[in-house]
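First, one chain by itself: the form predicted on its own, in C-alpha cells.
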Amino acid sequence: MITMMRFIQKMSVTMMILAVVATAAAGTEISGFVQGLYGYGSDRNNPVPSELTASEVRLQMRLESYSDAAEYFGRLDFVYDDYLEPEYRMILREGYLKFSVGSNVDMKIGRQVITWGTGDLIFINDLFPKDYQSFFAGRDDQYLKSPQNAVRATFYGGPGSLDIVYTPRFAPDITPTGERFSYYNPMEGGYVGGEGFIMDPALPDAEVANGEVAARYSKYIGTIDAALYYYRGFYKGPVGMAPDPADPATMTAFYPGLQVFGASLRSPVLGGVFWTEGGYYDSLDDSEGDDPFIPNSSIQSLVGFERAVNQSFTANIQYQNIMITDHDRYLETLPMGMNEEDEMYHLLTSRMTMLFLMETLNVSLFGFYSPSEEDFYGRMAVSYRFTDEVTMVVGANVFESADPWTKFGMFDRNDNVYMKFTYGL
C-alpha cells in the first residue's frame, strides 16, 4: 500500500516535469498567481502560540498539456510561511494524467482534487478530504478541497454515467490541531493549543483493506440532475476515542470505519435552482450504537434553494438535518458527566453575494446557524478587482456558541480577520 501511494506521488511529480519539457511538442497552457495572505486572531484568550493566523506568500504554477493521446494537469504551490518560524514548502496540489480507454471510459490517475454532491459548503456524500485550516485562515476557496492520490474511472453510456474513485491511502480532513487554531478539549475541560496540545491522531494502517472507495451514478431526467452515491472508508475527522495503546489510562482520538449510501437531486425551479441530498451513515465500528466514544449511525438530509434576485444580488438558503439512530441505546451507555448529543441536529445556512462598481467590488456573506446547538459561524469577504490581474480581499471569520463542545463552539476562540493580495500570471 505504501509503495503504491509513493509510486502515485512520484509519478505525479515526474509527469509535471515531463509536461514542462514537452511544451513544444504538445498544446500547453501555463498560468498561475502570486499571493500574500496575512491574518490576525482577535481573541486574546486564544491559547495558540501566536496572535497571527496567517503570514505567507504563495506562488502557484498551473500547467495543462494536451495531446491526441492524453491530457496532463499540474498545480504546484511554492509557499514561504513565517507564521512562527520561517518555512519554505513546495506542495503538489494536483498532478494527474487523463486518458480515454475506448470511447466510453475516461481514466484519471495521480494527485487530484475531487468533489461531488449538491450542497453549498455542506457535504453529505462528498467524502473527499477538506482543509478547514485553510478555510478558517482565509485562503482561496480552492484550498478547502484537499488533494488526494487516487485512481478515477468514469464510464459513459445511455443509462447515465458512473464514477468510481479508489484512494489507496486514507485521506482525512485537515482540521484545527492546536498549532494555528485552538479547539475545545473535553478531557482538559477548556480550549487548548500550543506545545503539548498539538493533536496528531494516527491514520488507519496502510493496508489494502483500508483504502477508500467512492462511487457516483448520475443521470439527467428531463431538467433534473439525479445521482446515487456510495462510500466505504472512514469518518474524515478523528471523531472516535479509544484507550491509548502506549498508555491505556488515557484516551486517544482515531478515525472510525464508515460506509455511506446516498442520493441527490438538483433542478431549476421558480427561476432559481433547488437541490436536495441525503445519506445514511453506517458507523461500522459502532453498528449497535452502544459505544458512546464512537459516533452512532445517522441519517442526514439537506434541502437548498438559490436565486438571482437581480443582476447584482444572489442569495441562497439551506437546511440540514441529522438524525442519530439508536439514540436511546447511546444514552444508556453514556458515562456520567459526558456531554449528551441530541437525537436531532438542525443547521441553517445562507449565502448572499452582492456586486457593485461594474462587478469590480464583490461582497460575500455566509452564515451557519444551528438552532439545536445554538452556535454560529459567519464568513465575510469583500473583494475588489483593481485590474484583471490584481485583486485585494479583506475578510473575517466569526464563531459564537452557548456551549464550547458544539460543532462551531469548539473553535470559539478563533475569530480572525485577514487581508489577501493576488496577482494573476
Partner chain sequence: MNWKKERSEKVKSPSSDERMLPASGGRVWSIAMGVAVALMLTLAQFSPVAAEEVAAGNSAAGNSAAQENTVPDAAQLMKEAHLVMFYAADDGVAEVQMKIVNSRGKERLREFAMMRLDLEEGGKQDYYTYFRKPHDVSRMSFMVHKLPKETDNRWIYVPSVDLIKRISSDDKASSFVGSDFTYEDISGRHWTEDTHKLLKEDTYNSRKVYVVESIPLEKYKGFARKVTFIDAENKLIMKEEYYNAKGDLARIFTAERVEEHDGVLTSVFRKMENVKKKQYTTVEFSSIRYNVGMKESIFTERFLKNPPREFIK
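Residue numbers count along the first chain shown, from 1. The shown structure was predicted, so the numbers you read here are calculated from the model rather than taken from an experiment.
In what follows, reference is made to the form predicted in complex with its partner chain, a form of this protein that is not presented.
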- Note on the structure: Answer among 49-57, 370-378, 396-404, 354-362 for heavy atoms within 4.5 Å of its partner chain in the predicted complex: the stretch 354-362
- Note on the structure: Checking G160, P201, G194, G272 against its partner chain in the predicted complex, the residue with a non-hydrogen atom inside 4.5 angstroms turns out to be G272
- Query: If you check D77, E343, D285, D106 against its partner chain in the predicted complex, which one has a heavy atom within 4.5 Å?
  - Reply: D106
- Message: Test of understanding: in the predicted complex, would T250 fall inside 4.5 Å of its partner chain by heavy atoms?
- Response: no
- Is the gap between D141 and its partner chain in the predicted complex 4.5 Å or less for some heavy atom pair? yes
- Message: Would you classify Y231 as touching its partner chain in the predicted complex, given a 4.5 Å non-hydrogen atom cut-off?
- Response: no
- Wondering, does P243 line up within 4.5 Å of its partner chain in the predicted complex on heavy atoms? no
- Note on the structure: Residues in 386-401 that come within 4.5 Å of its partner chain in the predicted complex by at least one heavy atom, in order, are F386, T387, D388, E389
